[in-house]
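In the block that follows, a single chain appears as structure tokens, in the form predicted alone.
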Amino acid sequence: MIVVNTKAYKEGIGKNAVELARIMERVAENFKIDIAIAVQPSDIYMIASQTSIPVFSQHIDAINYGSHTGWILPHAIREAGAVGSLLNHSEHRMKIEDIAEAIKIAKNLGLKTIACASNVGITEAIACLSPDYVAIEPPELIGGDISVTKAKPSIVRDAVDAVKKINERVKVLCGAGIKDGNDVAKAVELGADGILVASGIVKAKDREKVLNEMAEAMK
């Protein structure tokens, strides 16, 4: 699984996000692997209606229908065409009780969850909540030039081991600084089930070339 997070980059908003999603769609078909995109809630419907790749929201709030002006309703992202959501990204952290409730609501709605964790301890705590994926991402390496697989390979291996001891059904994604096929290959070698990548693809000069390289390494 390759998950591309467009964040709030200009290159990953609106029409640019659709263009990226179409590139991802081609690569997914060519390599027969799962590739998903995580976008701003405002872009979910446009991408979901124009491409066939799974679309995730970058966040949902732990709420149900009601008086919640300005919050992101899980039901709304599902209606827009999303298949799931990121949770607890280091740029949008959540309290553990809110993560638990958001996962519960998502499950009831048939939405998948990718819960982010900054270290092994938080990974263990989140794995106990049974999200579909835990993404291990040391925040100091996010958006940097050195990937977690080079700077802190042990944290990926330890996170994988910790999750599998708690719940073997929870898959582990590796993120933070992933830039090329070598980083992806190392993540798989360390036991990860996939990667969560942002600027390495969204801001790349040749996004299709980089994504092809990552898909080849994943394959």
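Residue positions are given as counts along the sequence shown, with the first one as 1. Only a predicted model underlies this, so the values are computations on that prediction, with no experimental measurement involved.
The form predicted in complex with another copy of the chain exists for this protein as well; it is not shown, and the discussion that follows is about that form.
Across the options 26 to 34, 171 to 179, 65 to 73, 152 to 160, residues that bring heavy atoms within 4.5 Å of another copy of the chain in the model of the complex belong to 65 to 73. In the model of the complex, another copy of the chain lies within 4.5 Å of some heavy atom of residue 13. Not displayed here, another copy of the chain is approached by residue 46 to within 4.5 Å at the level of heavy atoms in the model of the complex.
At least one heavy atom of residue 42 is located within 4.5 Å of another copy of the chain in the model of the complex.
In the model of the complex, another copy of the chain sits within 4.5 Å of a heavy atom belonging to residue 58. Contacts between stretch 92 to 128 and another copy of the chain, counted in the model of the complex as any heavy atom lying within 4.5 Å, involve 92, 93, 94, 95, 96, 97, 99, 100, 116, 117, 118, 121, 122, 124, 125, 126, 128, listed in sequence order.
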